[in-house]
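Single chain ahead, by itself, as structure tokens, in the form predicted on its own.
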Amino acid sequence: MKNLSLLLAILLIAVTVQAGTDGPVVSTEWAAENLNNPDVRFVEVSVEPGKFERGHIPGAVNFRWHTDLVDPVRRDIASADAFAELLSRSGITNETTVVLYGDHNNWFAAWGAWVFTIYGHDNIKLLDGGRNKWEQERRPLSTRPVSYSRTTYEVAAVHDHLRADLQDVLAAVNREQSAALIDIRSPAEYEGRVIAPEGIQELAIRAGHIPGAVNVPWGEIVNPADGTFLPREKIRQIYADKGIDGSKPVITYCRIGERSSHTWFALHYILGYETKNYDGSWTEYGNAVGVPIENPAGTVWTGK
């Protein structure tokens, strides 16, 4: 009996390690063990200026959200050509395992994961807890500039079905298409008590939410102590309690699409649900002419 218990424990550990290695989310322990793995590239996507330069995971490259992962002129994601050039000069091949992490609870790193997936690079992982957890554990940070031999990265496919636009959202609102809408913003934003979080510049003319959307704030699926994802079944139950069970496609949105990328990652990669991210989000929808909204708080924009 003792030997059987020991065998079961070993098998459980093996399954856990395997899941942590092959799954879409990797632990800080796994990351530390793979810092020198030539087949793995760590990519930091932080939005706070200078954070990467003040110290980053050794060997990581820096992708700037404002210029590398979005179009610098149009409000759009980086083009396929720009994305391929970015990865080529970062020494990333089509076979490289890319581990993304960043500040602000991995919001912008999850945006990066979404863009990677749109452009057909499925071998991506998110560092559980992101930069905050790495720093909490006092793991090493480097200020040393890093460069890699240039590769020739090719975008083999473009998965537009992972991205929702305004027409997709309106089709769901008007019940012309079957899709569940998830507003992952705070209850205050969802109810229209505020138009945007304090200190945020991306404002909409109107407050409230898209009709029919349920409110599941992004933070409900993470551990508040370190930002790591809750267990898979717990995440599944949180969404099921709001009527989101994967039986129909899901559209996520927030204010500019970065927080909703985090929820998109959980739904797409952890739960395996058919999910689109609406990166136009409330700054597009709330400013659009002629579209319906729900504004329980009745807040009216006064220009201040």
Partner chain sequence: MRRFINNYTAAAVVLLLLAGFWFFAGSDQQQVRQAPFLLLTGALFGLVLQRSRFCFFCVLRDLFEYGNGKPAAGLIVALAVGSAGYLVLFGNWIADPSAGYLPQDAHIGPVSWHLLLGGLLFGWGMALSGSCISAHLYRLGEGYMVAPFALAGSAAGFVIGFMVWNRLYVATVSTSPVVWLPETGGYAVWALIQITLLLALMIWLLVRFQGTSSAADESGCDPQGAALPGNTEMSRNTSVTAGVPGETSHLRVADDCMGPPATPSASAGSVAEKMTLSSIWNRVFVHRWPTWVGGIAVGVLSMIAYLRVEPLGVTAELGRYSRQLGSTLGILPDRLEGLDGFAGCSTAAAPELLTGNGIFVLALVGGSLFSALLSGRFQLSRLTAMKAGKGLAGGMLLGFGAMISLGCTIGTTLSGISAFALSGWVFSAAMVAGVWTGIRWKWHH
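All values reported here derive from a predicted model rather than from experimental measurement. Numbering follows the first chain given and starts at 1.
Just so you know, the form predicted together with its partner chain exists too; it's not on screen, but the next bit is about it.
Candidate site R64, T143 and Q201: all three near its partner chain in the predicted bound form by heavy atom within 4.5 Å:
Heavy-atom distance to its partner chain in the predicted bound form: all three under 4.5 Å.
Go through 255 to 263, 240 to 248, 24 to 32, 42 to 50 and give me the stretch that gets within 4.5 Å of its partner chain in the predicted bound form, heavy atoms only.
Correct option: 42 to 50.
Of D226, E154, E135, D165, which one comes within 4.5 Å of its partner chain in the predicted bound form, counting heavy atoms only?
Looking at the other structure, the residue within range turns out to be E135.
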